[in-house]
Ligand SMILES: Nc1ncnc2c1ncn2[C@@H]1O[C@H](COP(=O)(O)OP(=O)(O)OP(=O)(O)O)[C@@H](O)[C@H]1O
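Coming up is one lone chain in structure tokens, specifically the form predicted alone.
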């Protein structure tokens, strides 16, 4: 069996981190078998190296090795790419095409970003894993294939399973052996080694002197979070190699190439900010109260118009928008102040039965309006109780149906039932 150090040297893997060494060791151990492997890790950690190690050290090393980026293939064509299609299977299928599973027969298929596969394709892949069978798109003939599947993903598979985006049975078939590659931020001692390797490669590529980091720059490099992992480190090494005239890079120069360097620092909220937030909430509350006052004034105006006019239906028609506004505002008030709701039907009943103004003197109208409002409030209790009883009887005690008919929420109806001891 090939040693870990020899394998890393052969495949250009830089670093001595224990987790990295363990991942390479597991790759060497599973290579002679045909069990499926799932490589996990963040984007940019170098997951593509593991399938190459497994294939090269297996008995399939003389067969084909095909790498497929599942996230880069459109959902409508991924089945055709993987399993092939027959002529005329869909628009544009002018000839029969062999899929990757047929072409790679006897070899290895690397399914990168397997977590992005559509659910329908996951079902087909599960069948290949279970018995090596697949069917081309547009065909009814079952075909056999003998391939080794190595998959990789940067998705949290348990979260994807929980959300219904990935089949649990497929996950356990793919992850017979799971190999985890650590993120670069957990490999502090390897960061500078990798940077030096990349700097040397770019110096050769662009025919220029190799860049070197000062001691302060090395400390900054190792403290940086590297959310893009090795891929991000390589890109920054290339930028610096091309753009910097001075081949010794200081911490200040390096700082300019590291994006969002202060992003992960804890946020400090000042007392002024807290006071500002409280003021905003207070202003919103004042606005709601002023709107409520305006609505009450509109309701009083509507009541007076009904008192002065005998044609209540015409007044209701002319002020239908106002009644709608009062009714919708009432629902918002309940959320803020937990007051009982008044349904739209009840609102119309209140406004359609005004007291007769024939016996009122001109000077007493406004004073009498306050007395009428008090009388209506007293009689509303009995009307409300009667409406709730009738609605519950009609719907055989079903609160949701009764609440919908009354135009109130089920929670409000439940509170009314407790209040009236029904």
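Note that the rigid core is defined as the largest set of C-alphas that superpose within 1.5 Å between two forms. Keep in mind the model is a prediction, meaning the values are calculated, not measured. Positions refer to the first chain, counted from 1.
Omitted from view is the form predicted together with this ligand, to which the following refers.
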Answer with one of 48, 34, 386, 393: the residue that has a non-hydrogen atom within 4.5 Å of this ligand in the predicted complex.
48
Of 188, 231, 163, 127, which residue is found within 4.5 angstroms of this ligand in the predicted complex when only non-hydrogen atoms are counted?
231
Heavy atom contact within 4.5 Å of this ligand in the predicted complex, the stretch among 191 to 199, 167 to 175, 96 to 104, 80 to 88
191 to 199
Does this ligand come within 4.5 Å of any heavy atom of residue 401 in the predicted complex?
no
With a 4.5 Å heavy atom cut-off, would you call residue 58 a contact of this ligand in the predicted complex?
no
Does any part of residue 63 reach within 4.5 Å of this ligand in the predicted complex? Heavy atoms only, please.
no
Though only this chain appears here, would residue 12 touch this ligand in the predicted complex if you measure heavy atom gaps against 4.5 Å?
yes
Large Cα shift (2 Å or above) at residue 22 between the shown form and the other one, core-fitted:
no
Compare the position of the CA of residue 32 between the shown form and the other one after a rigid core fit and state whether the shift reaches 2 Å.
no
